[in-house]
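So this first bit is one chain, no partners, the form predicted alone, shown in structure tokens.
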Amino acid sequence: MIYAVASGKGGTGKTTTCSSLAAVWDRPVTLVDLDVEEPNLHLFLKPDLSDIEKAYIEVPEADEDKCTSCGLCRDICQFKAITVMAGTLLVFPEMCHGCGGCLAVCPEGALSPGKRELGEICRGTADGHAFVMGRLRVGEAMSPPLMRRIRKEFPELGKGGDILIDAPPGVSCPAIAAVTDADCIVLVTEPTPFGFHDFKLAWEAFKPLNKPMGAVINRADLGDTAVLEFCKANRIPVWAEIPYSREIAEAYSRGEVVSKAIAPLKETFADLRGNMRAAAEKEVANA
């Protein structure tokens, strides 16, 4: 099974939840940080990284001597990453999305496959579990291609057990890409106006995927009841409530996994794990 821990906005406790789930996961699991723009699951889990691989996207390289300025490459590129100006072929690699269309239509062979570095894929182990993390290159604008590189490994990783994903926050393309393969989505929020606003956006964004979803309310004894009322009205199960406490905040500030640092929370996250599994297995059974 693949489980994704997501949130409508950053700072709600998504990675705290994911790292705490990792600590109570009682069967083989691969822990995947797909928040490639700002990965920080490793700060909690402190994995032993044994393999760091550069990841690239294919971009065109031009041979101006072969170019006849026909413009077919310019016409097919939706992202203006290649053009012909005053008879000169110009390529803008940072704007290329790597579709390969320009290479396919060039009748002169004036374009050949090159590459642009996307970032790194780091692999290792954490607490006996496999660990994979994407880390986007500073200055790289597109995170989905790097995420796709990691997601391609899911079929193989899944042979070794479950996959637990720390997804990027928000509701844009990276967030959707991170939960697309999941059998179950955990939405982490907090009972504040900001948390509630972005929780609704996330639920609306992920609902069309028709995957089982449940909520985790962090700092549950703050704010108001708007999140709970929304969950009740839309039949979103609340799988866990994490209290607001100085003890949790101090453990977090030290980079500790809170389900390890604070004994009562171990049961909270074990119950969350059970709720996630039950939802995912019910969905598979009904498929």
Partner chain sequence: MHEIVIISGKGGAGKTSITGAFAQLAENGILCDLDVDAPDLHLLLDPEHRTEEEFWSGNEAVIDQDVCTGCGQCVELCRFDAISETDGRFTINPLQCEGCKVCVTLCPAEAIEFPQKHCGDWYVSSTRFGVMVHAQLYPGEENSGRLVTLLKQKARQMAEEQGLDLVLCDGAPGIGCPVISSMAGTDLAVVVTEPTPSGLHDLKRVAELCENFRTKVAVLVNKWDINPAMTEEIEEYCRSRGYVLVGRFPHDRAVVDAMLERKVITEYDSGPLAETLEEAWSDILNLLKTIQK
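Numbering follows the first chain given and starts at 1. Everything quoted here is computed from the prediction, not taken from an experiment.
The same protein has a further form, the form predicted in complex with its partner chain, not shown here; the description that follows concerns it.
- Exactly one of the stretches 210-218, 166-174, 84-92, 123-131 approaches its partner chain in the model of the complex with heavy atoms within 4.5 Å, and it is 166-174.
- In summary, among the residues 109, 71, 161, 193, the only one with a non-hydrogen atom within 4.5 Å of its partner chain in the model of the complex is 193.
- Among residues of the shown chain, residue 205 is one whose heavy atoms approach its partner chain to within 4.5 Å in the model of the complex.
- Looking at residue 222, you'd find a heavy atom of it within 4.5 angstroms of its partner chain in the model of the complex.
- Contact annotation for residue 237: none of its heavy atoms lies within 4.5 Å of its partner chain in the model of the complex.
- Using a 4.5 angstroms threshold between heavy atoms, residue 184 stays clear of its partner chain in the model of the complex.
- Taking its partner chain as positioned in the model of the complex, none of the residues of 261-287 brings a heavy atom within 4.5 Å of it.
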